[in-house]
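What follows is one chain in structure tokens, specifically the form predicted on its own.
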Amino acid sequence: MNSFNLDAIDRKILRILQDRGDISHAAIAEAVGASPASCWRRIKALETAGVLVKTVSLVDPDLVGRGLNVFCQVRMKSHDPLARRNFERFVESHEEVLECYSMSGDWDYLLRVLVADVADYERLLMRGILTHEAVANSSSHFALKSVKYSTAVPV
């Protein structure tokens, strides 16, 4: 993997944008001690290089009825590429699966699922995950509370 060469000002810009994606270039420039034009060029360079990917607004899951966070470990029946690809497509097609990681160790995948309640999760698990032809079994862990949550990448 190639990494982008970041200087101190780039790092400051990235920290600011990760905290407030809607901030103006002028406000960023003032905060980092650079001209607005220089800031704009730096941000464009970071976007072009793929360092800055997209700007989003984060939604409070509790306020939209999706307050239950479940971490689901999945073990596959087979590790053949087609089975894995089919399972990954299945995961991508379910909006309640926010994250999916291929793992080392005893479990093949780790899913982060955000649902309304236990009944909602049970439907996904029993009618989706466990009935998928490539899945051998799973283990679910329900988050009691969020101690730390961040989308900011340390720079």
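Here the structure is a predicted model, which is why all the values come from computation and not from measurement. Numbering starts at 1 and runs along the sequence shown.
Omitted here: the form predicted together with another copy of the chain. The next part is about that form.
- Would you mind picking the one in A45, L130, L98, V32 that has a heavy atom within 4.5 Å of another copy of the chain in the predicted bound form? Of A45, L130, L98, V32, the residue with a heavy atom within 4.5 Å of another copy of the chain in the predicted bound form is L98.
- Task: With another copy of the chain left out of view, choose which of L125, V118, A27, A49 has a non-hydrogen atom within 4.5 angstroms of it in the predicted bound form.
- Result: Checking each option against another copy of the chain in the predicted bound form, the one that comes within 4.5 Å is A49.
- 4.5 Å heavy atom contact, S138 and another copy of the chain in the predicted bound form: The answer is no: S138 has no heavy atom within 4.5 Å of another copy of the chain.
- Query: Hey, in the predicted bound form, is P36 touching another copy of the chain, heavy atoms inside 4.5 Å?
  - Reply: Judged by the heavy-atom cut-off of 4.5 Å, P36 is well away from another copy of the chain in the predicted bound form.
- Message: Residue-level contact is defined here as any heavy atom of the residue lying within 4.5 Å of another copy of the chain in the predicted bound form; does V155 satisfy this criterion?
- Response: Taking the distances in the predicted bound form, the answer for V155 is yes, it comes within 4.5 Å of another copy of the chain.
- With heavy atoms only and a cut-off of 4.5 Å, decide whether R41 touches another copy of the chain in the predicted bound form. Taking the distances in the predicted bound form, the answer for R41 is no, it never comes within 4.5 Å of another copy of the chain.
- Residues of 17-31 having any heavy atom within 4.5 Å of another copy of the chain in the predicted bound form, listed in sequence order: Counting only heavy atoms within 4.5 Å of another copy of the chain in the predicted bound form, the contacting residues of 17-31 are L17, Q18, D19, R20, G21, D22.
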